[in-house]
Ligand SMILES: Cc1cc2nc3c(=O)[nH]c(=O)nc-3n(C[C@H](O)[C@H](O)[C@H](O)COP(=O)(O)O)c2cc1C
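Consider the single chain below, provided in structure tokens and representing the form predicted alone.
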């Protein structure tokens, strides 16, 4: 199916091959979102409102992409998102995602909704892992997972808190990919953050923040990091894009805790734009799915290579020597594009 080597492929190539090879159900799930898919489409489009300010007279030739997060040095500010449905793509897709992420040395957020146990996610891999809980699974199960994550040397634990209502694909609420049972929502309460803080000594991450008020509540309740995310457009149709909400959240809590961005990342340039607007790092879900669906672990590793290559190009062309030093000064609002 491929007419060029994997090393020469971009994300569009991987997406096309994954669509050809993956089961129809998997493609529908990963290309799906709530109702009209307005939020799903808005997420990547939001990045188009920013242009880069080119600068060529400088000494930058090999920018440093590394960052520090949860006491770990990461080679790239991109993190595999906590997707619980990789198993729809292939029987061993979760293992391949883990292996591909590990090859890249990237951090991976592990969903409680996945099939692999935390011990299986860890295996012999050395990449930093973060466990992400769903409180609708019940406190006893979450507690067992969180304590196991701590025992296994995970870098952090967290809670995905925006599933007040269950995810939708079109007009349907799909069955859980973990156990085939109907999905259900769960009341979002800061008491769950306080509970998790008492349960483990690891940093606690809260995912699903889309505004300043919720960000402040999360941090005041003990969150050590927040993830700006609209769940890839699967929860609330006609929501803001994650990127649009990012500056507001950064202004509210960015001086206290790291702010990460999830939803809509489709290129290394998108990663740079998110960092310029205050994100410490980004999560990537669908591109990782394209990679694993196309070439297994090799495809996942290629996704990270693509992001790194594209980030290097942007940083060189904007004169930034270290990704962690990116500021909004390298961005220009595309007023012309918005008027056309």
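Residue numbers count along the first chain shown, from 1. Every value quoted in this text rests on a predicted model; they were computed, and no experiment measured them.
Below: the form predicted together with this ligand, not depicted.
Using a 4.5 Å heavy atom cut-off, state whether residue 125 contacts this ligand in the predicted bound form.
Contact check for residue 125: no, nothing within 4.5 Å of this ligand in the predicted bound form.
Please determine whether residue 134 contacts this ligand in the predicted bound form, using a 4.5 Å cut-off between heavy atoms.
Residue-level check for residue 134: yes, a contact with this ligand.
Answer yes if any heavy atom of residue 30 is within 4.5 Å of a heavy atom of this ligand in the predicted bound form; otherwise answer no.
Contact check for residue 30: yes, within 4.5 Å of this ligand in the predicted bound form.
Flag residue 262 as yes or no: does it have a non-hydrogen atom within 4.5 angstroms of any non-hydrogen atom of this ligand in the predicted bound form?
The answer is yes: residue 262 has a heavy atom within 4.5 Å of this ligand.
Is every one of 82, 231 and 286 within 4.5 Å of this ligand in the predicted bound form, counting heavy atoms?
Yes.
I need to confirm a contact call. Of 178, 186, 266, 197, which residue comes within 4.5 Å of this ligand in the predicted bound form, counting heavy atoms only?
Comparing distances to this ligand in the predicted bound form, the residue within 4.5 Å is 266.
Please pick, from 113, 257, 108, 142, the one residue with any non-hydrogen atom lying within 4.5 angstroms of this ligand in the predicted bound form.
Selected residue: 113.
Counting only heavy atoms and a 4.5 Å cutoff, which of 82-90, 147-155, 100-108, 69-77 contacts this ligand in the predicted bound form?
Only one stretch qualifies here: 82-90.
Are there residues in 175-209 with a heavy atom within 4.5 Å of this ligand in the predicted bound form, and which are they, in order?
Stretch hits: a single one, 207.
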